[in-house]
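This document starts with one chain, in the form predicted on its own, laid out as structure tokens.
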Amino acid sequence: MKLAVIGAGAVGSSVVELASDHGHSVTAFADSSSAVIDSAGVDTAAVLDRKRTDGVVGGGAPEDALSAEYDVLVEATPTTLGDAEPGFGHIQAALERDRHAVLANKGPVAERYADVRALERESEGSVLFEATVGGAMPILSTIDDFDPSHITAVRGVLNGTANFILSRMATEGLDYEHVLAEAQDLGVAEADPTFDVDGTDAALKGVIIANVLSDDETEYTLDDAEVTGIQEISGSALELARADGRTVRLIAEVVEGSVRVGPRLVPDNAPLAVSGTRNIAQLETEHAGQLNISGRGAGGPETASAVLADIGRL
């Protein structure tokens, strides 16, 4: 496959770096201010080195990548809410050319799912978005394999930053602000961690799961989710939970058409009590019982592996 990769952050850069290992060539690569295009395949090592040293990937305009020669557009720009632009527009441009689109950007399928599917119906191209939920974990593809109509509920730990903070608070007896600062020093938390600690990121993933599980008549957006973050969790609350053989995790739940995210008490030895930045999703199925999918829910190479798995499916 020939790939046009839009977005040069950790995920987009990792897709560019790993594409050849999966038998693909990158014919276009764009960041927010530049692009490089070569129908025969760009020199990925040189392009990534230029990005690191000069801050740009090439001398072209970013929009030029959308009109390049490619089979699959990889949308890896930062997630935006509301109109989900510019990511939605990039998907639209690909589908209108009957090209495929593979997303790492959550915005279009969390905020404009019906619009994305409408564009897909009018196109010869397809849209896949495994990487939007759970990084390397094959959550959405497993739902698809079992058939969404046979999945009765999904719940899980879907944000590594929040889980790291709660894990450290519980094991070390530290308060929230102390562990947040530690997480920022380690690069586990962003300088502005709001999306992670207030539950928004986990809620977006829950909304995407709800859209995949729903029928074509129902669309979910972030406004439909009931969300509570972890900022008010105290060290003393975690100590009380530990004394009772339990701990607290930020759990996203998609059950009977509702999306809820918030701190929940879980037994210390339960599958949902994953520690550190690890993620887990539990799928409740009609005929196969409970399935647990656990792994690295974020990171450049990890999320890029989900993108490349989708390209392999195409």
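Quick note: we count residues from 1 along the sequence shown, nothing fancier. Computed from a prediction, not measured in an experiment: that's the story for all the values here.
There is another form of this protein, the form predicted together with another copy of the chain, and it is not shown here; the text below is about that form.
Each of T142, F146 and Q290 is positioned with at least one heavy atom within 4.5 Å of another copy of the chain in the predicted bound form. Contact check for R97: every heavy atom lies farther than 4.5 Å from another copy of the chain in the predicted bound form. Within this chain, A309 lines the site of another copy of the chain in the predicted bound form, having a heavy atom no more than 4.5 Å away.
In the predicted bound form, another copy of the chain sits beyond 4.5 Å of every heavy atom of G125. Proximity of S294 to another copy of the chain in the predicted bound form: non-hydrogen atoms within 4.5 Å are present. The candidate stretches are 223 to 231, 129 to 137, 116 to 124, 196 to 204, and the one lying within 4.5 Å of another copy of the chain in the predicted bound form by heavy atoms is 129 to 137. Heavy atoms closer than or equal to 4.5 Å to another copy of the chain in the predicted bound form belong, across 12 to 30, to the residues L18, D21, H22, ordered by sequence position.
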